[in-house]
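Below you will find one chain, with nothing else, as structure tokens; this is the form predicted on its own, and questions on how it binds or moves follow later.
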């Protein structure tokens, strides 16, 4: 299968290492944002901002900037804005999922409760949107606002459709494009825009980000089923407990025997947890994971095609390497 062909052997480091100096500047800028808040609020914002993540969205914006001719302060700034929006969504996600740890530290809701954490996510959202006005561009502000809206709408729809047997694969893909793909696509598309690239190339890079984000969410959904909390550093199995119908579960419902499907459906309709021992007892479960992985791998193949307009450079090569790195993580979910 083309999607699982190994990439050419390489000796270089993880692709984000190419832009490590710029990411360090992004990190400093994120931590400096706490000064914009009231002193009574600063400690809460600082806790979130000091919990370092992978900074995928800023890295994507910086790499596109490099591939488009040069990284500017605007590429770093859009990366900070999108990362703040992402951090706000994580605060709210943890509340909805009842998660106690993220990146191996207590979540905001575990430390301070849900009420304060909701407001903490809100101030991060509003601050990010305020920062977007620094560009003095209605187009940039609109695209940042649209991306933030898409993320929130995706979460609403996913929450609304928990334990819902009528939820389809098409709806699943639309939800994860909204809740995850939108910010990846904003990072790559807006970076192209800020580099002065034409609308057609911006659209191709937006598409790259959307497909990459969608594949990443499928990986995260598979990881929730097969990952180790000690290794991953966050609370897992929350999708099962909360009745989220992710791609592996939707695949399973398609292929399970009638008796098994009735059993799973009954638990969903009764809003009983779909715990792992039940799923492991179904022969088709492993195949459902495999097919989800293959779907994500094909998206990554399509991602690489979207990079064609950039031409050859170390930065465009790194954007391609990101897809191979994620492919490697997906393959580990088979084991």
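Positions refer to the first chain, counted from 1. A quick note: this is a predicted structure, and the numbers were derived from the prediction, not measured. In this text, rigid core is short for the largest set of C-alphas that superpose within 1.5 Å between two forms.
One more form of this protein, predicted in complex with another copy of the chain, exists but is not displayed; see below.
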Would you point out which of 245-253, 197-205, 130-138, 183-191 contains residues with a non-hydrogen atom within 4.5 Å of another copy of the chain in the model of the complex? 130-138
Can you tell me if residue 73 lies within 4.5 angstroms of another copy of the chain in the model of the complex, counting non-hydrogen atoms only? no
Non-hydrogen atom contact residue 264 with another copy of the chain in the model of the complex at 4.5 angstroms: no
Could you confirm whether residue 163 comes within 4.5 Å of another copy of the chain in the model of the complex, counting heavy atoms only? no
Using 4.5 Å between non-hydrogen atoms, is residue 28 touching another copy of the chain in the model of the complex? no
Every residue in 118, 126 and 146 with a non-hydrogen atom within 4.5 Å of another copy of the chain in the model of the complex? yes
Of 168, 257, 100, 159, the one that lies within 4.5 Å of another copy of the chain in the model of the complex (heavy atoms): 159
Can you pick out, from 225, 178, 218, 80, the residue that has a heavy atom within 4.5 Å of another copy of the chain in the model of the complex? 178
Tell me, please, whether between this form and the one not shown the C-alpha of residue 109 is shifted by 2 Å or more, with the rigid core used for superposition. yes
